[in-house]
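Both blocks below hold the same protein chain, though in two forms, and each is given as structure tokens: structure 1 and structure 2.
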Structure 1
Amino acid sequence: MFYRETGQFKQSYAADQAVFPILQDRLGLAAILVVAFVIVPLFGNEFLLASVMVPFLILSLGAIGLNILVGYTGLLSLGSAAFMGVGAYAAYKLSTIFPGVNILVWILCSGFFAAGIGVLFGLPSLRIKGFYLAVATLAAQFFLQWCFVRISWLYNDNPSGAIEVPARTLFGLAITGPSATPVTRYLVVLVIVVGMTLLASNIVHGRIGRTWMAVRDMDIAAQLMGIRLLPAKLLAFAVSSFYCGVSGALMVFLWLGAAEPSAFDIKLSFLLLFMVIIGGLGSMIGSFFGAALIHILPIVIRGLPEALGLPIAAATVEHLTYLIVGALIIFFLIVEPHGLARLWQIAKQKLRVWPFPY
């Protein structure tokens, strides 16, 4: 009734080529942005901001990165955590070598380092496909993680082997380090994530995005349309790794505050993959859904026994979390293999014809 496109005739192809052609979608998006930028920081408590929203946004960014590779270009990767690590270590090195430059500049620049490494490990993708490629990306995962441990220059010979975030400010406001308040950190992350999501969404809706999807759906036909596979795939690796890299840098600088190499281990790669698949392959909004589910669900499960006053040991809760997350992955795949994003679309479709479904 209220959500429909009838009556909204596009006067131009420009309007029809817009990312959100339907008015209500744009209104909905605006509402979400208002909630995210105004309501949440005003009314959210520290826990919500620091432990729920900040990680959720950062993981969403990583998931978008991985989605560009897996969902849009069809290249299965199990090494995304390592690329996040590259971003984190690059940002750390840059910020300690050039402390005078604003930290946000380095966080964004770290993406370029991740992109470079990503392209390097993407080179084999021209010859290697499918699961073979997935295993080849494990080489990146384990090799890079080994580098994070062995190359002490990367963590400034810190005896703990961890990188610790220096305190930095923006316009006089602490944004990293212990004195940064959750609200400022949240807002900084939010701005970066929203901005980068917008750019990613533009890319995938244009020529480059179509090129990627063509490669994904049928690479031979794509070639015969004049698409060169190697540049297309490498670009996907570069953009994807850029996003993962920035997400990794944000993770250390604005979420964790310090990180050991194990923060970027294969478990994180798997988690990102879950987010992408459960959220919806080839969907921007799906990346957010997936990150929300995979990050927030365990928090809820952990919090539940306490809230209900059940005496369950912490270890058991941890195991239960694994069990439930595993079961839910299977459940969601069975209910909707195309992910939460598709469920969302179906819901919108229903809304479009409501209340007269015939």
Structure 2
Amino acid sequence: MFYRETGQFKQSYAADQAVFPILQDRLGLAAILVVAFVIVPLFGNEFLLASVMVPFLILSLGAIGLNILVGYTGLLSLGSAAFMGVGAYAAYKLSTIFPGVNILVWILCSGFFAAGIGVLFGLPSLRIKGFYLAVATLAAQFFLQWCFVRISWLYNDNPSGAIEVPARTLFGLAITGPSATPVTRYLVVLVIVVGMTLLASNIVHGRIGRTWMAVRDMDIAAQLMGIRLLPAKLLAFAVSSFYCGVSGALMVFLWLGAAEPSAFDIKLSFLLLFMVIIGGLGSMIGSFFGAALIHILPIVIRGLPEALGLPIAAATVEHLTYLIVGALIIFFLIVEPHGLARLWQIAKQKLRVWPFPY
């Protein structure tokens, strides 16, 4: 009874094509933003902000970038972690060469370097697709990771081979480095993620997004309709890599504080791919659902025995975490192969007609 369209009249094409056409959806989104911007910073402790929310937002942004390529364009990629690394190393080099420029500018600009590399490795997408394209992007993953290790210029000849985040401020407030508080870093990451999510939503709901979906559904038919496949696919690679690059820069500068090349290995690429598949291909909210299931749920499971006072060894809890998360992943994929976002859509559709069954 509380989730109905009764009395909500659409008097323009813009209202009819809105991303959130129902008032309750808009109110729910506003409530989520209030919780994220006000409640969590005020009442969240350091562990919640630094170890749960910041990684969750950063991984969600990386999943959105990969979802643009895999979910909306239908191009399988296994090199997203390498593109995150390009963004991180680009932001590091720019911040050390131009220390007077605000670090947030370089974090956003690092995405353009990742986009350029993504376009370069996306050139084979015109000739190959499916598993063959996945192998090509896997080659990009290994090649770029080799560059991160062997090209010492990228990490300023640091003997440890790691990139270390310099301390930077914004309006006199430290946002990177050891003096930056978890609340500050969380709010900076939140603003960037919300803004880029809104931008991605506008892109996929516009002409460019419809072009990508046409290529995804049947590229030959899209070409017969006049869509140029190479520019469309390269644009998808560029936008996807841009988002992954910004996500990688955020991961190093506002989460880890320092990183070695192993932080951008193939495991991270598979982790992002699992988030996209479990959350829902071709869904913005599915990227957040997938990141929550993969990152937040294991933290909750690890903390449950201690919260309940159960005498279980830490190693046993770790094994149980892998078992439970893996079983839940299999369960959700069996129940709804289109991901958690589809389950969310079904639940909303049921609410729109409740208490009637149809």
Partner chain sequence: MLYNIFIDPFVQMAQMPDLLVQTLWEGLVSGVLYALIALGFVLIFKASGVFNFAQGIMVVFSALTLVGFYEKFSAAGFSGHTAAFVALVLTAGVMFVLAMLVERVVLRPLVNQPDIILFMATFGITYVLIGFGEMVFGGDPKQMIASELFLPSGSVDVEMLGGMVSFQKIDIAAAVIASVMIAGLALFFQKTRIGRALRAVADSHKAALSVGISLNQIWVVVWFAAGLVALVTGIMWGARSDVSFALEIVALKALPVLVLGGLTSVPGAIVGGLIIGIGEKLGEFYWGPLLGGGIESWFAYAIALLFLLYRPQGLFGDKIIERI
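Rigid core: the largest C-alpha set superposing within 1.5 Å between the two forms. Numbering runs along the sequence of structure 1, starting at 1. What you see is a predicted model, and the numbers here were worked out from it, not measured in a lab.
- Shown first, as structure 1, is the form predicted in complex with the partner chain.
- Relative to the superposed core, R26 undergoes a Cα shift smaller than 2 Å between structure 1 and structure 2.
- Between-form comparison between structure 1 and structure 2 gives a rotation of 12° for the smaller rigid part, taken against the larger part from C-alpha superpositions.
- With both forms fitted on their core, the C-alpha atom of E306 sits 3.6 Å from where it sits in the other form; this compares the forms between structure 1 and structure 2.
- With the core fitted, the CA of L320 sits 4.2 Å away from its counterpart between structure 1 and structure 2.
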